[in-house]
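Next up: just one chain, as structure tokens, the form predicted on its own.
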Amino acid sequence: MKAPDFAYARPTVLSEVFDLLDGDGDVRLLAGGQSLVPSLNMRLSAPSLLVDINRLPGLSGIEARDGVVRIGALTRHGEIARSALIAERLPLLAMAAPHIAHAAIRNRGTFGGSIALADPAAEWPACCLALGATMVVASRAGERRVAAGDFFTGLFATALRRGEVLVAIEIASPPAGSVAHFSELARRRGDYAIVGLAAQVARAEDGAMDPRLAFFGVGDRPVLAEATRRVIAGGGGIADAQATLGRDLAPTGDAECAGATKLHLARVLLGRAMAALRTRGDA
């Protein structure tokens, strides 16, 4: 099947993007295009105007300043996977990157594109939630910052307003002694996850853990397991945490499996994560 007819623009400055977004009709931004182009070809999307933002300066790259890592929205997945800075400061992202689709897609797809799409089974939104990331959003009126916990609002839905563009993601470097863990279950390597877990964990000298557990593939957006976090932070064991997880997650069934199966698999991932984090300081 071929994509429907649409107009195409390739601006070179952000102000031109704002002008185009102010126009009538359904205007869509094209970054990596790894989700948008297939949806066009299957006629699941039919925009009146496609705005290619790949020539915009200053929207890609990774830098650290004052304890914060800033990742441009047009930074490719592969760049994150290969970044020594990411591996050192934000190892959770380095752990997650190899799970994203396949090499060809990682070389073209963008960090910001995945986050703005807000697929509930995608890795990056959950990682941002676990890391307490801040989304930097630009419009004609200027910039505003949105916490990851407020950014994802539903199925393929975000806090982005009309006329706004996600330009960067800022993530504070975790405190010394923190560890990360990432795991997911999928039918085949490179598929979207049936269930996944991104965990960023603060560890005390006595080994006590205070984790941020972001599950994905279990709802209409990534979910922080707050009740389970409190059990673990209070010294609860694996069985206690697994029993509590049902208070945080209420998965519904999909084409992959039933909701009860997803909850069971989430408990399996939680148990594996806790075991790894308690025995390996670099887990």
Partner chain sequence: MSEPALSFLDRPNSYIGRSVPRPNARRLVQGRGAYVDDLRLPRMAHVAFLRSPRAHARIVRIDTAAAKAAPGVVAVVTGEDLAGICKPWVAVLSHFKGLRSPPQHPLAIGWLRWAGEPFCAVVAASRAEAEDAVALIDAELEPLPVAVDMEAALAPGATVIHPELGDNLAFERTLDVGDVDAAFRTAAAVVEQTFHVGRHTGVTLEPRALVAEWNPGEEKLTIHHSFQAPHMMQDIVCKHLGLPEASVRVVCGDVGGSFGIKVHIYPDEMATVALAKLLARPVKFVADRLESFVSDIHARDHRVKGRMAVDAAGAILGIEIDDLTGIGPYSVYPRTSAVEANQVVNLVGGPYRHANYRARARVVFQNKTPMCQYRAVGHPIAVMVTEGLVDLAAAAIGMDPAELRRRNVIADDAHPSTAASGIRFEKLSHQRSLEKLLAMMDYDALRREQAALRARGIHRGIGLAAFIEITNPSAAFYGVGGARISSQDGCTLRLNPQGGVVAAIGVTEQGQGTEAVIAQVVATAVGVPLSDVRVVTGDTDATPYGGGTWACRAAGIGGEAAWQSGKALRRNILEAAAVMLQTNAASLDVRDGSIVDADSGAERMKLSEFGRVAYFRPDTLPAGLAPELVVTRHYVPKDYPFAFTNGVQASYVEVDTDTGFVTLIKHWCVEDCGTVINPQLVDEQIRGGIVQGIGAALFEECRYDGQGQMLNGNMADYLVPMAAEMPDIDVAHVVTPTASSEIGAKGAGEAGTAGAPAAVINAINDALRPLGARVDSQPAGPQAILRALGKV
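Keep in mind the model is a prediction, meaning the values are calculated, not measured. Residue numbers count along the first chain shown, from 1.
There is also a form predicted together with its partner chain; it is not shown, and the following applies to it.
- The partner is absent here, but in the predicted complex a heavy atom of I194, alone among V146, I86, I194, I100, sits within 4.5 Å of its partner chain.
- Taking the partner from elsewhere, A172 is found to have every heavy atom lying beyond 4.5 Å of its partner chain in the predicted complex.
- Proximity of V268 to its partner chain in the predicted complex: non-hydrogen atoms within 4.5 Å are present.
- Interface residue remark: R161 is not counted as part of the site for its partner chain in the predicted complex, having no heavy atom within 4.5 Å.
- Contact check for R65: no non-hydrogen atom falls within 4.5 Å of its partner chain in the predicted complex.
- Remark: of stretches 221 to 229, 39 to 47, 22 to 30, 243 to 251, the one touching its partner chain in the predicted complex is 39 to 47 (heavy atom within 4.5 Å).
- Along 11 to 25, no residue reaches a heavy atom to within 4.5 Å of its partner chain in the predicted complex.
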